[in-house]
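For reference, the chain that follows is the form predicted alone, supplied as structure tokens.
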């Protein structure tokens, strides 16, 4: 039996947003490897081994999956959203680059998924309709000084911005610092979207001005999208529409 490794994006939460390609890979798999909450989203079936692990174990998780594939297993590493966006695809290649030469000859597939950023934008309208950037606000793998520099440069370039991992229990004050940087760079009127648990039963969206934003509006299940200076709000009955025009003219 020839082994392979697929890194699959399970989307933001709803089974309806899992792609057919990912579903097919899970059907063929002998093993599923991943962070425990993501592995829990994969239905159990005879012949399928589930290998759940804790957070911040990405390299060990990748090495485990590669070792299983070397033994002829068909392995799916599961990520939320898209595996190439702040997720397991990069960790897998880090492990391959420094690991045994035999890992480079394996059949390796990256299966894209719907990112939380794109799902959140779609729920609100089209706030990423023009140029934008995505920034991971966690300082686990990079220093705060780099995060702040990128925030200021993105604001100076007038990008819309999508923030991942805005606020955790371990760093409850970090997002307050982010809001402070943005207020200095953008002023109080910039539009913000707080999108929590997108596509899940407890989904919640809130659109506020930067001057009214508070750190407590975000947690690790929240995607924050900051509009550019051109981003607009269309008021209507029910939920308003947040969008950024296609033209900068």
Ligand SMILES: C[S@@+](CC[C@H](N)C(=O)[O-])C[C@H]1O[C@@H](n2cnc3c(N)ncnc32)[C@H](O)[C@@H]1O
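As the structure is a computational prediction, the values presented were derived from the model and not from experiment. Positions refer to the first chain, counted from 1.
Only in words, not in the display: the form predicted together with this ligand, which the text now covers.
Annotated contact segment (heavy atom within 4.5 Å of this ligand in the predicted complex): 215 to 223, selected among 66 to 74, 215 to 223, 180 to 188, 46 to 54. This ligand in the predicted complex comes within 4.5 Å of no heavy atom belonging to residue 108.
Within this chain, residue 12 lines the site of this ligand in the predicted complex, having a heavy atom no more than 4.5 Å away. Interface residue remark: residue 155 is not counted as part of the site for this ligand in the predicted complex, having no heavy atom within 4.5 Å.
Using a 4.5 angstroms threshold between heavy atoms, residue 161 stays clear of this ligand in the predicted complex. None of 124, 92, 87, 128 but one reaches within 4.5 angstroms of this ligand in the predicted complex through a heavy atom, and that residue is 87. Among 198, 32, 62, 192, the residue placing a heavy atom within 4.5 Å of this ligand in the predicted complex is 198.
Taking this ligand as it sits in the predicted complex, the stretch 107 to 129 comes within 4.5 angstroms of it through a non-hydrogen atom at 115, 116.
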